[in-house]
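In structure tokens, the next block holds one chain alone, the form predicted alone.
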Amino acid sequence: MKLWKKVIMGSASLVAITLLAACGSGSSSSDSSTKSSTATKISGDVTLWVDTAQVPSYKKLVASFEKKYPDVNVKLTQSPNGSSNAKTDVGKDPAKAADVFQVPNDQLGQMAEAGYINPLSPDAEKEVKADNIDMAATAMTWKDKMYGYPWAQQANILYYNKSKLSADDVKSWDSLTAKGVIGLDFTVPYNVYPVFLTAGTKLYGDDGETLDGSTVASDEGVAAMKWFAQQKANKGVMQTSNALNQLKAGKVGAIIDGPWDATNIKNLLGDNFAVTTLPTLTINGEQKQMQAFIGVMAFAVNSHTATKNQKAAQTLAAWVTNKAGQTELYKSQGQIPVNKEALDASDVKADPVAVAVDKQSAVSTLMPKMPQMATVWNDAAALTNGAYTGSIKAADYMTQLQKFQDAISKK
């Protein structure tokens, strides 16, 4: 699971450097980088943080970058605690953190407000928008400025064992759980909070950036709580903190997971591997398409990076997120691209996981970038699991929802 999770430039010189450094994130970014390198020599020492499993993939990309820019020395290392903890790791001591690092889009607002990351230059913004799908550009934007270079899209989808369940069985939660068993962890907000969105509530408004725009303390929120409570007695639902193990053991026939685990699941299920969008849920007697959180992974540039290395850092961030970079991460890690040309490649278009993520994203909600998302992640589990276990009684649903809504709406 990816728990996808703030900055006025300190000086005009930094702005100028950023403007000079910018390149795009798509197929045209390599061309832009080439043009930039002919006009200005790029040099410096840059540290790059990536998730542990992705280090081999980025070794290839760094090698190609250093061949193109021989005067830039890149130190590639794994993120201290993974990209999902980028805000915390960088925040411990920004001056000692990596110059370029992976970060999920929901943490960009908080990091921008804290002054940890630099906004992209206008030219870099243009290229990100031109080369990548609109949703990815939106995910990088906080208060009308772009703070990251996007490189992958993520959304939960449904994986299932087709020897136990048919394609028709998994179209609705009701039929799935009547004919098989699904493994789910009600303590993980990333997986289960979208049930509130499915029920019709808003999280920070329609734009995801309105502090008082959440509507979880509502009849729709209560309906979602009732749905959670109903799952406790549903024999087709298994509460588990390790759904992959349960799938491997054959104790469940379906799980909700993201594209990052697709390779593992394919290995587990072999010829019985199948994947599709999330099922419909019955909420208040109505069938509603289950939503997921849409996450977009990014690379951001540390605002505390030495001025002499800023240009190299920006150039590296653009390089590893261009078409070639996103294609490499798709082929080696199964990460679904956001680059338009990479997405249009025949192997991506024929990939059932990529197709499922694309379809699910069309009916889901982009993770908000509000700094208050940290409170959402911290406090939501008590709601979802409390309703599921029964520790929160039906008579107290609205009270607890209002308490949660007040907490996530504080400045």
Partner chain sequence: MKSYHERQRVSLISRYVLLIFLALVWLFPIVWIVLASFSYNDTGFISTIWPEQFTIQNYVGILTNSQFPFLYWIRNTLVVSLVSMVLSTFVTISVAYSLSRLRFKFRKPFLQIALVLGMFPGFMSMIALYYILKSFNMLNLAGLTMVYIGGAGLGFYIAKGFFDTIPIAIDEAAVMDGATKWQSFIHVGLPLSRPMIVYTALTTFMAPWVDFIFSGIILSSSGNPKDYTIAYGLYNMLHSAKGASTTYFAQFIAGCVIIAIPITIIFVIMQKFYVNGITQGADKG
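This one's a predicted model, so the numbers in the text were calculated from it and none came from an experiment. Positions refer to the first chain, counted from 1.
The same protein also exists as the form predicted in complex with the partner chain; that form is not shown, yet it is the one meant from here on.
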For the partner chain in the predicted bound form, the stretch among 163-171, 73-81, 195-203, 127-135 with residues bearing a heavy atom within 4.5 Å is 73-81
Each of 245, 261 and 264 having a non-hydrogen atom within 4.5 Å of the partner chain in the predicted bound form: is that the case here?
yes
Only hit among 96, 331, 179, 226 for heavy atom within 4.5 Å of the partner chain in the predicted bound form is 96
Name the single residue among 277, 214, 141, 154 that comes within 4.5 Å of the partner chain in the predicted bound form, judging by heavy atoms.
154
Answer for residue 51 alone: is it within 4.5 Å of the partner chain in the predicted bound form, judged on heavy atom distances?
yes
Residue 268: heavy atom within 4.5 Å of the partner chain in the predicted bound form?
yes
Near the partner chain in the predicted bound form, with a heavy atom at 4.5 Å or closer, the residues from 218-240 are none
